[in-house]
Structure formats: structure tokens, C-alpha cells
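Only one chain is included here, represented as C-alpha cells and corresponding to the form predicted alone.
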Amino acid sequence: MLPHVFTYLKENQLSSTFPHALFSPGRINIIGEHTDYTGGLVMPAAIDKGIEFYARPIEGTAMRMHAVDLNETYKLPLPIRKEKTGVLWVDYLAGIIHEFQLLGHEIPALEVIFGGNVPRGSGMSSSAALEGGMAFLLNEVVGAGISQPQLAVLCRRSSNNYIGVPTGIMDQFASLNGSADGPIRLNCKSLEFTPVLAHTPGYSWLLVNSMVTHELGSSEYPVRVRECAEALAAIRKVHPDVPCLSLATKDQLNSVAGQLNETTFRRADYVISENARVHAMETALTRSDTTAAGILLNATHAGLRDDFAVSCAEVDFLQQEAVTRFPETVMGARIMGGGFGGCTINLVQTLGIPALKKHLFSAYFNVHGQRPEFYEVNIGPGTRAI
């Protein structure tokens, strides 16, 4: 149990009264960024940071929910209506309840207490952990019998339809279906997935938080979704059998270059290139080729920065400092997540992490006036009862 959640339950004399308890992890994404909603491949992993949920039935016709990290409580009337509350964390949970209602399930009144250690807005998908945890909980409470891959589909519907953010499925799928054996290679169109048995002894995944937070719904994220859809529409006019943008070829994209503005062309070119990098990363990790893996990470960052335009000065600084000042220690680094802030993910020689952290902390503060946070993450299983 996370210490601060345990303290809250103990102080309120609640620690032994919850029949439902679960852990919903955050996720990292090794490679495959902005390829999920374009029908391509991604390589995410559930991690050992996430959100704990504790729930019990109560009398009445409302959910009583307490967010330990925010020290906020909200009473949510049942059944859920389409109108949102305007409180984002409440709406993420309400959207999941609404999806279960649409499937015909009557949701009983519950007291739900949750708290975690995955930073919001950092690119580790705290929102997906929140959605997936609630979906897992309700699936158990009402006995819906929905598989965890299909719970991820339900969570995506909630994000798209209730929250109004046009996300793909990677975040929710990785959180719910991660593997302790390694990251998973997920086909976001077919939802077929398999663990990638990465062999990188002596290396670790280090996240460096720029402390620049983002909310995907109020950012340029929906614009990128639209631009990719425009590129696919143009390709399909000439090549109608192309199922999704990630599976288009460079030749097919070049054949419609005259119908696309430069910005839309570059968005599509990045997506097609990134999908190919997922295949290459799987080969590199299974062969213990950390040099090749690092080159791929750096290439993805360049694409996200220059062609997809979802990076920012702070994250670019952290990436460049890591790969240029520590070329023998840092094999590669890139921005991780939807963009516009959050973390870099770095493939680092484990013994070199202390020196890297010391340098990045002082250099980043001197230039940007922020104190970055560092997270050494371990890959683990997906959402589960505890």
C-alpha cells in the first residue's frame, strides 16, 4: 500500500473495511508515439508507479469519491447523466460509469478512495490509470465479465465521447494489459499484442520530468489527430485500400504530396517513419543492441520536435543535454507521451545515472529555473487486484 494512502485510511479508521482493492499502473512508451490513433504499432509498458483504489458499497444513490492526492471529495449522483461536472478527475471516473450504464449495468452506490504516485501531466498517463482502475473496479463490482483488452476499448470510448479528447487506445491498453516480461508490441488497429523480451542488462529506463504539465484536451493534440486524418483521406483518394495512416508507405504519401500542405505532409511522414521504428526497436531490444535502440529514440525525438511539432524548449534541452554531454552513458532519449511538456525517456547505463541526474538537475535549473524530477521505473504487470 502506498504510504500516503495507508495514512489516509488509517487516520479515518477505514483500513480494513474495503472489499475491493486494486492497483492501476501508469505507463511508459518505449517508442511508437502518435501512432496509436493512426492505427499503427506502439511499444508501451506498464510500470511500478500508479494509482491504488479502495472501494466499498454504501447506502444511497450516489458515489462518494475521495482523491487522496488532491484532498478532494465529491458526491456524484447516480445514474450518471451526459452532462459533465467540470471537475476533471470526477469526469474521468463519471465517464467510465456512464459507459457501464450504456452497456445496461446498474451501478450501485460506492465509496471510492484512490491515490497514487504517478505524476499528473508527466507523460506517464495518470489519466489512463484513473480510467482503467475505475473500469476494472466496476467490472468486478457488477460482474460484467469484460476482458481487460475490452476494458481498454471501453476506456477509450469514455475519453473520446465523454471527456471529448480524441485519444488512441495505447495508454489505456498498456495500463490494463501490461506484462511483467517486458514492454508489449501492440497493434492499435487489431489490438493484437505480445510481450517484447528485451535483454538490456546494465541499462535502465530513466524518466526526467521537465515539470511542464499538459492537458491533452486543451493542447494541440486534437489538431494533430485532424491533420493525420486529412493526410489519410488524401492518400485513400488514390490508394483506397490503405487501412490507416501508419500502414501507408512513403511512396503512397509522396504520390499525394501535391494535395497536402507542407505541415500535413510532415505530420504524415513522421507517422509512417515512426511505425517503422517500432519494428526496428523490437529487433534492437531482443538482440541487446542498445546502440541501435538509442539511435531510434533520438530519431523519434527529432521527428516529434521538427515534423510533428509536439515538443517544447524545456524538453528539448533535457534531451540534448543527456545525449550530448553523456554520450557514453545515455544511449538515446526522447520526449514521451502526447507532448507539449512532460518527461523525457532515457536509455541509460545504470551505473551512470547518479552523475547524469546531478548534471541535469543543475543545468536545467540554471537555464529554465525549474527543478526536474527523476523516476527510475520498473516494468510490471497491468491493472490487478491487491
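Owing to the predicted nature of the structure, the values given are computational and were not obtained by experimental measurement. Position 1 is the first residue in the sequence shown; the rest follow in order.
If you look for the form predicted together with ligand GLA, you will not find it shown, but the lines that follow are about it.
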Is I169 near ligand GLA? Define near as a heavy atom within 4.5 Å, in the model of the complex.
yes
Contact flag, F326 vs ligand GLA in the model of the complex, heavy atom cut 4.5 Å:
no
Examine Y162 and determine whether its closest non-hydrogen atom to ligand GLA in the model of the complex is within 4.5 angstroms.
no
Is there a heavy atom of G342 no more than 4.5 Å from a heavy atom of ligand GLA in the model of the complex?
no
Looking at 28 to 36, 354 to 362, 313 to 321, 47 to 55, which stretch has residues with any non-hydrogen atom within 4.5 Å of ligand GLA in the model of the complex?
28 to 36
Going by heavy atom distances of 4.5 angstroms or less, which of W89, W205, Y221, F265 would be at the interface with ligand GLA in the model of the complex?
Y221
Contact set, 314 to 344 vs ligand GLA in the model of the complex - heavy atom within 4.5 angstroms:
G337, G338
